[in-house]
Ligand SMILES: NC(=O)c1ccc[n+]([C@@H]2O[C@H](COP(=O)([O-])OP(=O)(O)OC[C@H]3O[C@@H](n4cnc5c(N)ncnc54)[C@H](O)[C@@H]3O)[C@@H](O)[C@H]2O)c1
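One chain follows as structure tokens, the form predicted on its own.
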């Protein structure tokens, strides 16, 4: 196997919750280009159809699965459909998350319903999807790869009402290390990427505000906002044999932001 071959995913099956989102769709397309077969899972039926249609136009044959991964029965069903269709499951990329800027409250008054919503979106989906996928990996007996999407806010506080979001992402960082420890005996590696602010359609209106964008860019040594393509290389690393001896790691993708803290 040559150096570049180590990053190929030929013969592998990737299960991607949130695969029709701004980040997830880029990762789903990139994993396909690297040779994997992909199950794209999302509760947004329209977004799911658009994402899979674009992937088919590019020559891929994704499996589209509509599911609400805050529900255990949906997570279990989505994994069963994936294994029934492709015959195996090797990779899970947890691309559901976000919502931080929509529910900002002072820490001492953070309301329980909004707290629960952020945790369901960012942590519960990761938990249920990963549990279901890893059970299939263990049963398959061929190891596997789990890639979580955390955030620099799992490491850094911010004076802007993000209590629920930083707690959820901090929990994902801890779970990444815990799962890596428990599932190593099954040949399953677990790692996470930890990006800063990433330009996606969901935040387009925020970035249209020049003052908001400047405030972000001015904190980043590389002088720009993150793009979804910036996440693809690190994800391919963690999905492939190039990271065969890497587990329990959180890779920060932030243009140097955390280096200044």
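Positions refer to the first chain, counted from 1. Treat the numbers as computed from the prediction; the structure is a model and nothing was measured.
Quick note: we don't show the form predicted together with the ligand, though the next part is all about it.
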(request) Report yes if any heavy atom of residue 97 sits within 4.5 Å of a heavy atom of the ligand in the predicted bound form; otherwise report no. (result) yes
(message) Whether residue 30 contacts the ligand in the predicted bound form should be assessed with a 4.5 Å heavy atom distance threshold; does it?
(response) no
(message) Check residue 55 for me: does it contact the ligand in the predicted bound form (non-hydrogen atoms, 4.5 angstroms)?
(response) no
(message) Can you tell me whether residue 220 touches the ligand? I mean in the predicted bound form, with a 4.5 angstroms heavy atom cut-off.
(response) no
(message) Considering non-hydrogen atoms and a 4.5 Å limit, which listed residue (82, 150, 130, 191) is close to the ligand in the predicted bound form?
(response) 150
(message) Taking 4.5 angstroms as the heavy atom distance cut-off, pick the stretch from 62-70, 211-219, 31-39, 232-240 that is near the ligand in the predicted bound form.
(response) 62-70
(message) If you apply a 4.5 angstroms heavy atom cut-off, which residues in 12-50 are near the ligand in the predicted bound form?
(response) 18, 20, 21, 22, 23, 24, 42, 43, 44
